[in-house]
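Here's a solo chain for you in structure tokens, the form predicted on its own.
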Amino acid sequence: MSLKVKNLKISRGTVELVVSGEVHCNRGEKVAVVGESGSGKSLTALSVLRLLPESLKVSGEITVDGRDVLKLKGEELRRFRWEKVAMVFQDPSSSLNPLITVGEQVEEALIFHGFKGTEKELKERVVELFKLAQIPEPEKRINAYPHHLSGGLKQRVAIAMALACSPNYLIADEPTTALDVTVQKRILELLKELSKKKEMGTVLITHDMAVVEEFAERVFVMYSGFTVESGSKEEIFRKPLHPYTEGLIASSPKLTGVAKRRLPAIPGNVPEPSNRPKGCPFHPRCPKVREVCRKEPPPAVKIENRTVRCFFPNY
């Protein structure tokens, strides 16, 4: 029982936005997909739910509990969304309708996915979901509009809505980006608790290595449309194999146990997909670049239980 994305390609015309994406998440497992903006993380996440625009061409392998997602159509695809895989989008302020109470929005989701019961039972189910998402005073909050709620509470409403159909897998796209550190920690703890309690596979999309260290059991590092490294959290943080992963970890601040230091930065930016350099896409920013890196893209290599795309991994 797992969610698998393998050899994923997403293109617009002749431009490849994602060249080779990979994610693997088992039921009850907590996985993080990490990388800078423009690496292809959100596109990869949206492809699992088939929410990408029709102008983008998607190929590769996307399976959920053995079902080929790319072959789902019509009613089968509609039921697959939320019932098998649900998503918490990046900004709850834009994903929630400002003209409808948050309780009504969760009710709509339940009704759309076949809830059978009285109006009273429907409201009781919404309150139950709000309690599951640890929203205080749920009986009162169901009558609130999004603008009445703080960023953290709006994110909890979005999580409650995603849990409405008891999905096997939850994809959370940067769910803590706009929140302060204290609220961020509470949201991560809630996602961890729900993953364990509901035996739900959770895929967290983030650019923050501190969040990865706090949350994940397994990590997939993306750069310029490629999954450049994957492995367990312990392995990734103990000995990163790819120079990009090494740079991400080095540039992440440590809150305890480390003397004051100047954080190193990775020079340059993630290239535009239409202007991806020849060879390894990371080579213009890589401190260990050699001539072969400029000529051809490195293949994915298995090293024990890990995978890395680098000619000269830190092994």
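Note that the structure is predicted; figures quoted are calculated from it, not measured. A residue's number is simply how far along the shown sequence it sits, counting from 1.
Not pictured, yet referred to below: the form predicted together with a small molecule.
Heavy atoms within 4.5 Å of the small molecule in the predicted bound form map, among the stretches 66-74, 244-252, 38-46, 285-293, onto 38-46 alone.
The three residues P53, E174 and P273 all sit with a heavy atom within 4.5 Å of the small molecule in the predicted bound form. Taking the partner from the other structure, the small molecule in the predicted bound form has a heavy atom within 4.5 Å of a heavy atom of R12.
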